[in-house]
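The data below hold one chain only, encoded as structure tokens and taken in the form predicted on its own.
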């Protein structure tokens, strides 16, 4: 299967006076045409910044280096006009908070049609017709929501469906979903997740899903990348990761999860002591050393690179765990 997206040595750097710190540091992975990759980690680990770097919407003051190649073209090297032409057309994103991503003053049909007119050059009538068809496809037929409906009149799940329609409008090759179901109740989350998985398979898009939910990871993604404090600490096929975590941080995430399946009813979930260090407080050694129960003196001089821990399984740890 051919590679669609190749990320190599991606680093995101910010300055504070004379100092600088990394939000992401030398992150790399590849995603095949039609492939699915889940990026997991706690808040503050760099997941959303990775998504924004891929689509070219980094906040002002964040400098990117490395390479983000889509179909062999390095997006980081493109001028803004060319980068804008890929956004929505070749790579699209479903954002975490629909009420912030949608324009509250514009009807939903117009917002879906906007990308069709801007990216594909369609006339108003054809764009409106395609927008109506897209709303039907994502489960918002005329009897449920008119194209003239304003976002505040929709439920959270319905607004997420609108965002999915907007993202799919120009039939991108890569879809990024950033914690897209966090604010939804469990029933609505399952419906929207099933819709997204169906559309990705139907259109043979590649999917990069940002999540903290290991259950969603298991349901949707064939491969997983674990980020901690801006660094990739483990990468593996999802089934292999669930069968045997090798990094202490990944094992800690599984221990904290309801999906781990080993916590008795009525008992408290385990926790990982401490918290993710902010960018300007991160030292040169292993990024997890301050929270790790397996830390040894050789962990502290420098961050270990990802190395083989099994077939297609890599871990950045000098003292990996063995899980059964």
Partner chain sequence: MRRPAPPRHPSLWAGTLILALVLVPAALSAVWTPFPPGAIDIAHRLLSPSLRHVLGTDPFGRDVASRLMVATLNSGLVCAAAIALGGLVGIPLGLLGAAPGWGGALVMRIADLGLAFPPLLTAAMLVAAEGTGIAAEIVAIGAFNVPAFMRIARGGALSVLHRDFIAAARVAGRGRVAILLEHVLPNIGAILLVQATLALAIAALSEAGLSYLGLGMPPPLPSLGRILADDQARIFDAPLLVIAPGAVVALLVLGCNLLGDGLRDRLDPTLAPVR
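Keep in mind that what you see is a predicted model, and the values were worked out from it rather than measured. Residue numbers count along the first chain shown, from 1.
The same protein has a further form, the form predicted in complex with the partner chain, not shown here; the description that follows concerns it.
Contact label in the predicted bound form: residue 197 to the partner chain, heavy atom within 4.5 Å: Residue 197: no contact with the partner chain in the predicted bound form.
Whether residue 97 contacts the partner chain in the predicted bound form should be assessed with a 4.5 Å heavy atom distance threshold; does it? Close contact exists here: in the predicted bound form, residue 97 approaches the partner chain to within 4.5 Å, heavy atoms only.
is_contact(residue 72, the partner chain) in the predicted bound form, heavy atom dist at most 4.5 Å: Answer no; every heavy atom of residue 72 is more than 4.5 Å from the partner chain in the predicted bound form.
Taking 4.5 angstroms as the cut-off for heavy atoms, does residue 104 touch the partner chain in the predicted bound form? Within the cut-off, so yes.
Since the chain is shown here on its own, which stretch among 127-135, 229-237, 79-87, 199-207 would lie within 4.5 Å of the partner chain in the predicted bound form, judged by heavy atoms? Result of the contact check: 79-87.
May I ask whether 92, 110 and 118 all come within 4.5 angstroms of the partner chain in the predicted bound form, judged by heavy atoms? Contact check passed for all of 92, 110 and 118.
Can you work out which of 292, 55, 299, 31 has a heavy atom no more than 4.5 Å from the partner chain in the predicted bound form? That would be 55.
Just to make sure I understand: among 199-232, which residues lie within 4.5 Å of the partner chain in the predicted bound form, judging by heavy atoms? Residues within 4.5 Å: none.
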